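This document starts with one chain, in the form predicted alone, laid out as structure tokens.
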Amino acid sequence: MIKHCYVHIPFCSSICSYCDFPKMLYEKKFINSYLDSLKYEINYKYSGDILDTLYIGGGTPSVLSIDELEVLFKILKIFKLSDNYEFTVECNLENLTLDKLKLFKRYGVNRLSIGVQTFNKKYLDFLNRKTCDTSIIKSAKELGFDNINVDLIYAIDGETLDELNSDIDKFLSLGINHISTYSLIIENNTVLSIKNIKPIDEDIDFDMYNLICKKLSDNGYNHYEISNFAKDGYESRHNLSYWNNLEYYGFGLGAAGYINKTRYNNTKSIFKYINHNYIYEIEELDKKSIMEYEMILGLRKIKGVDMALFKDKYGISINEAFKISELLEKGKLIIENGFIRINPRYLYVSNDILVSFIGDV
């Protein structure tokens, strides 16, 4: 039974300089064709599973007009949701309106993920973001949206610790229950890479990560995943489904999914997608690969991987499946209360640890 689903809306009012997600500038002529093809894909692949989480990401779902959102949400009505569901929509400040919030509420959305990124005008311009006016967040809370995430980007070219500290204070003043923090990565085929922008100094990046961890922890946020912080009970259940290596549907341009021991990625070509040529690549997983994913994804959680559950699922212990003795001896991994996890001192360089689980069975 698949309990999680992601739906991708690729349209944006502008293209952020750092973004490498499947996206395109909003053009009305593509919207209906895209939504028609999305409806076809969902009707063809969805098997009627009762979902615990539904996540509408992008791109910028909130860039759609009220009429277009009505079409989208009528398509999404096909999904059966559990009694205790989490239904998230990603939004940007510049195109999130009170009317759109009311529409979300009417169709059962109960979680918002809002791209704020920074309150610093200089860095907003650098990221090609349009506004840091967060007044709409107050409106969302007044409408009853109490489960809200905001995104923070740090380690921007030229940024100082004092500037980041000021940003964090402003994020905290929003009074929301979840904050996702991302160190700026210069991805290939983005505006920043074309401009040959270089990453910030690693030592400064590390100091910024530590500042975020301490300050958010001091203000009551649980650091539950490498990049994510939440007040009690407000962890992202949808994202936890990824980190727990659970199966999920992926619909839409460039969407990824994991069904029946098969991971797949949809095409990033809008023309192929609207002509129902959905799949770009498929990865058939054997037991070894599934266990590798279990560790690579699970160790992103601060709590780590449940060792007893791993053995129940795969009939072999983590110690038998992977060569972890050296990582334990060096203190990079810790076993505590039945969980194996990355030592907090090494979270910043977690990728160096995670890659050691590839091909190690």
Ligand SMILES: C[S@@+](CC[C@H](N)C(=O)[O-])C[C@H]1O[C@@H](n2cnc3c(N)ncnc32)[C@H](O)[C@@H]1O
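We number the residues from 1 along the sequence you see. Treat the numbers as computed from the prediction; the structure is a model and nothing was measured.
Only in words, not in the display: the form predicted in complex with the named molecule, which the text now covers.
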query: Close approach of R129 to the named molecule in the predicted bound form, 4.5 Å, heavy atom; finding: yes
query: Close approach of E235 to the named molecule in the predicted bound form, 4.5 Å, heavy atom; finding: no
query: Exercise: G250 in contact with the named molecule in the predicted bound form, heavy atom 4.5 Å; finding: no
query: Exercise: I153 in contact with the named molecule in the predicted bound form, heavy atom 4.5 Å; finding: yes
query: Which of 102-110, 139-147, 195-203, 181-189 sits within 4.5 Å of the named molecule in the predicted bound form, heavy atom basis; finding: 181-189
query: Residue among E159, E225, E90, E86 with a heavy atom within 4.5 Å of the named molecule in the predicted bound form; finding: E90
query: In the predicted bound form: members of 115-134 within 4.5 Å of the named molecule, any heavy atom; finding: G115, Q117, R129
